[in-house]
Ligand code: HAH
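Coming up is one lone chain in structure tokens, specifically the form predicted on its own.
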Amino acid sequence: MAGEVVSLCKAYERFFPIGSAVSARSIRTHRDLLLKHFSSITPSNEMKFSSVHPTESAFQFLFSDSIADFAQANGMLLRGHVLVWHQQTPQWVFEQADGSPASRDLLLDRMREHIHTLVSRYRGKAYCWDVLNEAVDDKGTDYLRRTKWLEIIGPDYIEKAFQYAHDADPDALLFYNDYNEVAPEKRKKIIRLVTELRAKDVPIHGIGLQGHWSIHSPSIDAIDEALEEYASLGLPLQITELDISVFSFADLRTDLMAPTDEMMKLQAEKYEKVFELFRRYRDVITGVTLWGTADDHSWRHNFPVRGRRDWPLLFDFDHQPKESFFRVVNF
């Protein structure tokens, strides 16, 4: 019975908070799971630019407020996500009224207003923010990802974003967040960025490692190596968007209506080993957040293969704990 299952967050309370990414809807539909098993929540979309600031003259906080209020009412930590990103940012942000490109000064003013408005609103409620998301390039010779933020403002848009957030809430912990964080080439770029920001005394307080992994990759040894290298920077780390897909990147099947026993076995083994690593790095890892609560509500459905279902979390479609869950809590 679900009521007899040990609480996930209580099992880890001496290590680090356990979080879940939520929506304004899932705090209702997954309420029981959230209250029992998680001590931290992250809004998956409700605090992104396009959600709270759809037009230049209007902010809308109904859904983001509902998540912040849920966290406060239930004694949960709230992670703010995300202030500056190249996706889910309205086109008007980068344009003047006539449709021509915005100037550097105009875009900086808009970025400052957005960050100050959002961070100030949740000051004292959001204990940390993912200030900047996915700003380094994945492959090739480029260091920074070519985005409109970079093209219009220049590379200092990054330090400006952190400074604006710090000005709005000096007590908030500010993170740089990225994916493919284990890949050696990408890892070098993330470490370069964080090192350069710290050398300039930019107020960056931690690194968010998304953790969108699969049962096949990356290997536990590769994750261990990456964690060791990030830990050497001397900043707190958080696993911010953890899920473990049952598909390899090359597996394009869309006809699987239920995971195979082998998939569930491999997933349980992977989750067990991953959390063993996290516990080993408990001196530097200050939070672990799963990107979702149960398999019925996951961004992995339809991504990266449209029309495909996935089963990447610790609770199944019926909100029951999976073998992966028991491997994580029984240590």
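Fair warning: this is a prediction, and the values are worked out from it, not measured in the lab. Don't overthink the numbering: it's just position in the shown sequence, from 1.
In what follows, reference is made to the form predicted together with this ligand, a form of this protein that is not presented.
Residue contact check for R79: none of its heavy atoms lie within 4.5 Å of this ligand in the predicted complex. Although the partner is absent from this view, T29 stays clear of this ligand in the predicted complex, with no non-hydrogen atom inside 4.5 angstroms. This ligand is not shown here, but in the predicted complex it comes within 4.5 Å of a heavy atom of K48. In the predicted complex, none of the heavy atoms of Y281 sits within 4.5 Å of a heavy atom of this ligand. Contact annotation: of the candidates W85, Y176, F247, Y164, the single residue with a non-hydrogen atom within 4.5 angstroms of this ligand in the predicted complex is W85.
Of the candidates F38, F70, F275, W291, W291 is the one whose heavy atoms come within 4.5 Å of this ligand in the predicted complex; the others do not. Residues with any non-hydrogen atom within 4.5 angstroms of this ligand in the predicted complex fall in just one of 51 to 59, 267 to 275, 38 to 46, 282 to 290: 38 to 46. Using a 4.5 Å cut-off on any heavy atom, the residues of 119 to 137 that reach this ligand in the predicted complex are, in sequence order, N133, E134.
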